[in-house]
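Below sits a lone chain in structure tokens, taken as the form predicted on its own.
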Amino acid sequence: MDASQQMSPEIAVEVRGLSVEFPTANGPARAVTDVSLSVARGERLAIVGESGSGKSVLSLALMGIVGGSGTITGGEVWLQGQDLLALRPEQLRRARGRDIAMVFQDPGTSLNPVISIEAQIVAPLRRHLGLSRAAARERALQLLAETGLPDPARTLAAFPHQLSGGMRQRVMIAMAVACEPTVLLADEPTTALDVTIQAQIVDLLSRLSSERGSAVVFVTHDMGLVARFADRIAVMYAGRIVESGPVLDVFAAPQHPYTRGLLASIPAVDGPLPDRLTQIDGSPPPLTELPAGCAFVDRCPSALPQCSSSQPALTERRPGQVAACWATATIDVSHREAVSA
């Protein structure tokens, strides 16, 4: 990276042209295609989209792990002055946990079932921060207390199967923030939790971000959580970012038809209930058969002739708000009150 490409001191992580593919019998599935984004220190970015849009694969790729037979086919992930994807395996292992960490979607499968919670939290503290066993244990107790667990000492002595889903999720968060990483990734951290625990987890992530100055990348389906938690939003469809910008601006005036469809599908909290919930007709295209133009063309109510043949680039539609759409009209639809309530 030459001098003209140096990251701003306020930028925690910058992704440039990231692409990920998985081999299939029908050819490569392009799970993530040419994604670029940046997140500032202390900023919270929500990534949203339907299942299969590439959200989780993108978050894993930021850690340099895509799983299975997936391959990162291009792009860069700049953090702390270095491209994570260009690091040797040992260098990348040192960066994970210390510079970038992740709260995985399912703590039941992410925590090691045969190792105590104490061992799983203490290990990264000793490895990355060089703490003694006693100091690491004291720090682990403090971390668990910060996540709101009522009896940290008892939790430390437990094994994952002895904890509830909400407690395991808090343990995962404690592990992720243990070394105060520059970037914290959270992949559906509130999935399968009741609404009370969801609210507590989101409040916890917000507080930890504010106090530690970490950039948080938050993957979710829940637009209500986005409105409550995020500063900015990135909308993904068929492996690409199709719109991004400040949360309230995107909710108030979505610039991409897919974003409008997602927001329109949220039931209103006041007024009469509709006979039928709004939906986006059709299904996303197979990732092995993406069209030459916009991947949303077959589901788009306002598609233009060039949408089928040419891929639109992300362009600024309003200050700080970009969208990849050939349509130029802005449709102002206020979803702020309904989503925030």
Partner chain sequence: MLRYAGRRITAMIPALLVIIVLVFALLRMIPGDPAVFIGGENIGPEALQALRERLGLAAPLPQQFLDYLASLARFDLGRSLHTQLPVTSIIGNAITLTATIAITSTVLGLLISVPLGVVAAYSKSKGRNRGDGALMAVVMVLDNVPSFWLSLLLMLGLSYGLGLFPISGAVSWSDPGAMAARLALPVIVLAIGQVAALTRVTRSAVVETLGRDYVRTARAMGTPEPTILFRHALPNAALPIITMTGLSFGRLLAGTVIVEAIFSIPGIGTQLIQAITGRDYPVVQGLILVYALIFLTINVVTDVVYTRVDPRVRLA
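Positions refer to the first chain, counted from 1. Since we're looking at a predicted model, the values are computed, not measured.
Beyond what is shown, the protein has a form predicted in complex with the partner chain; the following relates to that form.
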Worksheet, complete the sentence: For the partner chain in the predicted bound form, the stretch among 201-209, 249-257, 90-98, 229-237 with residues bearing a heavy atom within 4.5 Å is 90-98
Practice prompt. Examine V195 and determine whether its closest non-hydrogen atom to the partner chain in the predicted bound form is within 4.5 angstroms.
Written response: no
Discussion item. Is M172 part of the interface with the partner chain in the predicted bound form - any heavy atom within 4.5 Å?
Written reply: yes
Discussion item. My question is simply whether V114 lines the interface with the partner chain in the predicted bound form - judged by any non-hydrogen atom within 4.5 Å.
Written reply: yes
Fill in: M63 within 4.5 Å of the partner chain in the predicted bound form, heavy atoms
yes
Worksheet entry | Contact assignment for the partner chain in the predicted bound form, among T71, T191, Q80, S110, heavy atom within 4.5 Å | S110
Practice prompt. Go through G261, P152, P124, G166 and name the one with a heavy atom inside 4.5 Å of the partner chain in the predicted bound form.
Written response: P124
